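Take a look at this single chain in structure tokens; it is the form predicted alone.
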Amino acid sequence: MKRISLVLAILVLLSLSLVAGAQDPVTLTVLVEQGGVWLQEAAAAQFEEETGHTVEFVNVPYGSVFDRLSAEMATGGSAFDVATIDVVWMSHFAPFAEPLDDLFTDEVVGDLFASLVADAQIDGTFIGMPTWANTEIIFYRKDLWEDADEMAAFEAEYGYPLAPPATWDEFTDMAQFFTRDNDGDGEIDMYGTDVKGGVADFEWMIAVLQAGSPGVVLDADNNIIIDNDAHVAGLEYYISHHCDMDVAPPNVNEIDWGVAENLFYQSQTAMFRFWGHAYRLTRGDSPIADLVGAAPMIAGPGGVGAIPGPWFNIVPKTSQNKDAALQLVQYLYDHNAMGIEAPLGLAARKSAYAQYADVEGFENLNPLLATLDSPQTIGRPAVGDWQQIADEILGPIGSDALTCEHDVAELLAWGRAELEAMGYE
């Protein structure tokens, strides 16, 4: 009897110990910009209900995420338990981020796109959990592509059926076919596509990957590849629609993503390459609001390729609530599909996209899934001075190339010299 009483006493003590050791509810502060709130607030609210913790989003403009977190890193502050950051900042904040290797099980890695798994690591350590990924896909006018007269005329001229473009050649053929003077006044009323010279530092890199390059500007070991054959071919293809064919509006250096989107939705271009999330944000006042189709990004000689735009959740090392913060990061990954229902309609997991891919209203998700899952969809180099490279080297190369007065190989040779001056080899 005494033995039983002793065992019971021990069990009671263990039970009390477990209760005492249980984590008390805490308030977790998450630094994020507006898109990150939209995509994560539903899962965060469910997390609060299930755990008793409170999640407070500090919603700031895009650039302020970098500034606020940089100030925290510089002063050793502890205002934030989680921060949702752009992939281009990962190297900068790596010293400030708690390692997340334990969260990246084989199952987790298998459900993420390869580019996201690569981008989540700095020097072999996982520091960020992907929360959403975006990339450019093809948007086109279904009323044009599915018109019987247009289909017959295209096939008669080019010898194959009109369908959303899948290759460089098809994209070029269709851009030429749909560039036209509709009213006969000698002025082009609709261009086949656009060339976004205003974001040339990003746009021509996509064609480089489609040409088969193992990366953009630098290889996996941060060696210079900006002048390899694929960079030459990609840049030549990028400028060809402006310099050689006139199938894009001529004011290329004034066209950025916002202008390009407006041109398309105001029926001034027939198709364009654009961020996949925009499909569900089509403006209701657009004359083509119900006529937009989506297709995977086109393939060059190296296959379908794009540059992803993922965001990651990191846990600052200075967080006072690391255990709960890690729990939240894991929870947001586990319930990642909830972001698909948000206005931006994005996620990071393959299974999340697949879950909604065949649902009406989400016709952009299969193209996004196919593009993000392509081997030639590769992230930008994880170097701390990437923004400097983009601003001071890639942008000027793209702008100069679009004057149609420079030899592409010579521009890329200049780019190599600039990178070497920065210390790259």
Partner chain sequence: MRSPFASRALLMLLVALIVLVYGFPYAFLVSTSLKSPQAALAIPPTLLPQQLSIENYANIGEHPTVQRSFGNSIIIALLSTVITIALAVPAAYAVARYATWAGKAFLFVVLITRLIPPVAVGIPLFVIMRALGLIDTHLGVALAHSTISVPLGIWLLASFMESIPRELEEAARVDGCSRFGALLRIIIPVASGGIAVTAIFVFLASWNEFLFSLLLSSTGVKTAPIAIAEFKTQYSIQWGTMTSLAVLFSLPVIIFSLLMQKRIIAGLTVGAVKG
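Numbering follows the first chain given and starts at 1. Keep in mind that this is a model prediction, so the values were computed, not measured.
Although it is not shown, the form predicted together with its partner chain is what the next lines describe.
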Task: Exercise: Phe57 in contact with its partner chain in the predicted bound form, heavy atom 4.5 Å - done: yes
- [ ] Indicate whether its partner chain has at least one heavy atom within 4.5 Å of a heavy atom of Gly384 in the predicted bound form.
- [x] no
Task: Proximity of Tyr237 to its partner chain in the predicted bound form, heavy atoms at 4.5 Å - done: no
Task: Heavy atom of Val259 within 4.5 Å of its partner chain in the predicted bound form - done: yes
- [ ] Name the stretch: of 122-130, 74-82, 208-216, 98-106, exactly one has residues whose heavy atoms fall within 4.5 Å of its partner chain in the predicted bound form.
- [x] 74-82
- [ ] Could you tell me if all three of Glu33, Gln266 and Trp311 have a heavy atom no more than 4.5 Å from its partner chain in the predicted bound form?
- [x] yes
Open item on the list: Can you pick out, from Cys243, Val232, Ala166, Leu344, the residue that has a heavy atom within 4.5 Å of its partner chain in the predicted bound form?
Closed with: Leu344
TODO: Identify, from the list Asn228, Asn222, Ser286, Gln176, the residue with a heavy atom within 4.5 Å of its partner chain in the predicted bound form.
DONE: Ser286
